[in-house]
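Just one chain is shown here, as structure tokens, and it is the form predicted on its own.
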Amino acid sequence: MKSLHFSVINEAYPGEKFRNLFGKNWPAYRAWYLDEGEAIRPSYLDCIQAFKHHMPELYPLYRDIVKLVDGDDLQARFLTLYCPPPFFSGCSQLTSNTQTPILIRNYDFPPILCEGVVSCSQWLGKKVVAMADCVWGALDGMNESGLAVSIAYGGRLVKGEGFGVTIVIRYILETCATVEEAIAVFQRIPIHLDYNIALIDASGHQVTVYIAPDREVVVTQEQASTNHQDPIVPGQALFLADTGIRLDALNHLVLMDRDPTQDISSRFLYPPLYRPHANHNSGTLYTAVYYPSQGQIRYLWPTAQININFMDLSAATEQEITIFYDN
């Protein structure tokens, strides 16, 4: 039976808890980072120059983290997430402001490859809650300004020169307050794979942004996205065969959301949005529900739930839970 242990960790600035997380996860990330051979990864100088140029506000924090973990050359290069190896995940995501601003997403990935850490922090002065990736990157999250963001792999299998998207998501959560500010980040920072980005802020402004290393950034008013960017062509192979089925289900939820009696978030716990691990290598690991105007977050599973409120983002938030999939 597959399982994943989730931890909610509250640490205002990287310290002992962060160092322990890095130490725990580094062996797996080292293997991943060197999977294509060390020579293919950019040099320390290239990584530092790119990071300082594109995310200068984050550089002092990066420097402190490298010092905290006593990072060597390889670890320092990894932590920039500049031109990392490809990583692909399946996801479903939806934004809506029909009733109250909300972002809901399912993250689909093998449990053995997910950290399962919800990081509550205040690294650059802004409170941020995020599902961690590569220790200090973010798969999805929300900040105290009410900006919520999540990612879904775009499915085009195109690789370019740029950053791993999760460090850019971290940068947005640390430095941006609105959807407009986040869009500007995607328009100036190169990202090495294609992704569909769901964004919503406390005002209810919502967009889906399509990014790719070989295309201009496309900003749309679409509320739902899964794992494709172009129209589906019958008979043409897709990254995930069920991406169209899940998008149809999401668009149906968009219509249902006009009914105030409907709780559309619960629909993410059932197929086709919920991908059972018995049938899929990348099954659904968690459902994240962000309420930007209320400062509330829910992480959902069929048999469990974690609630976090920005009004009470204290050490008491810390908790742990083990999720067993498809039992």
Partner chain sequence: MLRRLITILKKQFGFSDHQDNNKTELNNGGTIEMQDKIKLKGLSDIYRFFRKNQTPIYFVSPTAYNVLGIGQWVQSFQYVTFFDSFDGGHFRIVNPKLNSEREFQSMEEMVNYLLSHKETVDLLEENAHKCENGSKGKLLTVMFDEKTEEIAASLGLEMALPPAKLRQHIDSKIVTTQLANDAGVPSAPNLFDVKASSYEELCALAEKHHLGRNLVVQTPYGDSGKTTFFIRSEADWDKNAKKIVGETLKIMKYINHIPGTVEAVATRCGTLVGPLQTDITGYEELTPYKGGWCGNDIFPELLKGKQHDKIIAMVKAMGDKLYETGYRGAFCFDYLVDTDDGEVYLGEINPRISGASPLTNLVTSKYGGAPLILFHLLEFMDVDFEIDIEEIQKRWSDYGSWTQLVLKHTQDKVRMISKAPQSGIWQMKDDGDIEFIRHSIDWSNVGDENNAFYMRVYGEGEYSYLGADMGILVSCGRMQSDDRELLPRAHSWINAINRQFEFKNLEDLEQPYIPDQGVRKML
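Predicted, not measured: the structure shown is a model, and the values here were computed from it. Residue numbers count along the first chain shown, from 1.
The following text describes the form predicted in complex with the partner chain, which does not appear among the structures shown.
*Asks:* Could you tell me which of 161 to 169, 117 to 125, 72 to 80, 138 to 146 sits within 4.5 Å of the partner chain in the model of the complex, going by non-hydrogen atoms?
*Replies:* Heavy-atom contact with the partner occurs in 72 to 80.
*Asks:* Using heavy atoms only and a 4.5 Å cut-off, determine which of I264, A50, V66, V289 is in contact with the partner chain in the model of the complex.
*Replies:* Only one option qualifies, and that one is V66.
*Asks:* Check for me: heavy atom within 4.5 Å of the partner chain in the model of the complex, for each of R30, L34 and E38, yes or no.
*Replies:* Yes, all three are in contact.
*Asks:* Can you work out whether Y44 and the partner chain are in contact in the model of the complex, taking contact to mean some heavy atom pair no more than 4.5 Å apart?
*Replies:* Yes, Y44 lies within 4.5 Å of the partner chain in the model of the complex.
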